[in-house]
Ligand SMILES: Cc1cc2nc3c(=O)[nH]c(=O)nc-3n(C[C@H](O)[C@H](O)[C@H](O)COP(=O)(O)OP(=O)(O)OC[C@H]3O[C@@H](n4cnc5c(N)ncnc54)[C@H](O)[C@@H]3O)c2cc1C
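In the form predicted on its own, a lone chain appears below as structure tokens.
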């Protein structure tokens, strides 16, 4: 009987081990760069021919040279788009036949420690910023959950993240400098060029080129992790009782169960509380190869999704550290999870709904996603406070954000299926009193876009006021803004 029991244990352990080994073995990078003269973004679904990609030189004369490039574009009639890390997914950083200004070399930064203000050029990635701030005992106040994005891109989409009781990143911006279509440079803040300030933040690069920004930063603190695995029906009550209103909570997110036969039945709530003690040194999270195999092993596999959920709810809480620095939590890139296959790609969705609409929206998700046989890899849930700063705001009140990741085939049929499902989810979000996030696939109809963002018509009118010759253009403007 003992031998039989040991054999049973070995069999039970063998299947997950073989699944992870098989996943790791076939996980090779099949991606190929776009051909010369073309460009694409993180979706790998927007390959577009452009006239030129012009990197901003990392020199003191960069602004003068950039103004000259804009003058040349005006003379030649070339539309101009602005690119950083190109993690948007709808062609937001280029335009057919246009000139792409690549801001990535524009990375200088300086911290005013007396004011807790970081002045940083827009091409810097958060992976550049976090180590710089960490060495000075500071941290980013609001950013995405990964460090692979550029500062300028983050401002242009008005990102948000796990930071609790915070608005989007615009709430942390003290001022920015903008190069306009005529090459002139203006300072924008809440008390100086205030309208332009509200339009540029979350403005998707349509009003000019963000050169640099002054960001309010915070102390790098030591955090203690608390996790709660609860049934969906108890998740909001658990959040209210164990998280919301607690004075020391700093970062919070939840994840929904994506196992198909238990879809959304359970929720993991992860809350990080400030605690006394030495702040851990900056380092990456452990076991990246294992975590990648666990995540990629859930693609196209019900068993893989079940294994991953079991690991996240039963094993990982026993093995993971309970104390982190704030910067450790922010300092992970998308490479740990990204899709490297040639035949498929991962596509992000995000929807914002008020608390009163959460139950109805989750019910709709449960119906819509399985109906389209979509390969759902993740749903992260976050809270974001009302946006007091931007014109094209998604958070017109405190919102609950649902961030979803799907894998889809890079085929016309895969794109058509995703488009149909996305429109269903957008309709559900609107019905729940919310809206979709704009940096991702441009699948919303024009009618849906304007119902979700009724201020958009005025937004595009102001774009043409500040840029009357429509020098700055991209896929987003082409889809929803062009007359």
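Numbering follows the first chain given and starts at 1. Values in this document were obtained by computation on a predicted structure and should not be read as measured data.
If you look for the form predicted in complex with the ligand, you will not find it shown, but the lines that follow are about it.
Residue contact with the ligand in the model of the complex: residue 140 places no heavy atom within 4.5 Å of it. For residue 82, a non-hydrogen atom is located within 4.5 Å of the ligand in the model of the complex, even though that partner is not displayed. Of the heavy atoms in residue 160, some are within 4.5 Å of the ligand in the model of the complex. At a distance threshold of 4.5 angstroms between non-hydrogen atoms, residue 204 is in contact with the ligand in the model of the complex. Judged by heavy atoms within 4.5 Å of the ligand in the model of the complex, the contact stretch among the candidates 431 to 439, 23 to 31, 418 to 426, 452 to 460 is 431 to 439. With the partner removed from view, the residue among 235, 408, 156, 390 that has a non-hydrogen atom within 4.5 Å of the ligand in the model of the complex turns out to be 156. Exactly one listed residue, out of 99, 196, 89, 217, brings a non-hydrogen atom to within 4.5 Å of the ligand in the model of the complex: 89. Looking at the ligand in the model of the complex, residues 122, 210 and 474 each place a heavy atom within 4.5 Å of it. Contact residues in stretch 143 to 159 (any heavy atom within 4.5 Å of the ligand, taken in the model of the complex) are 144, 145, 146, 149, 150, 152, 153, 154, 156, 157, 159.
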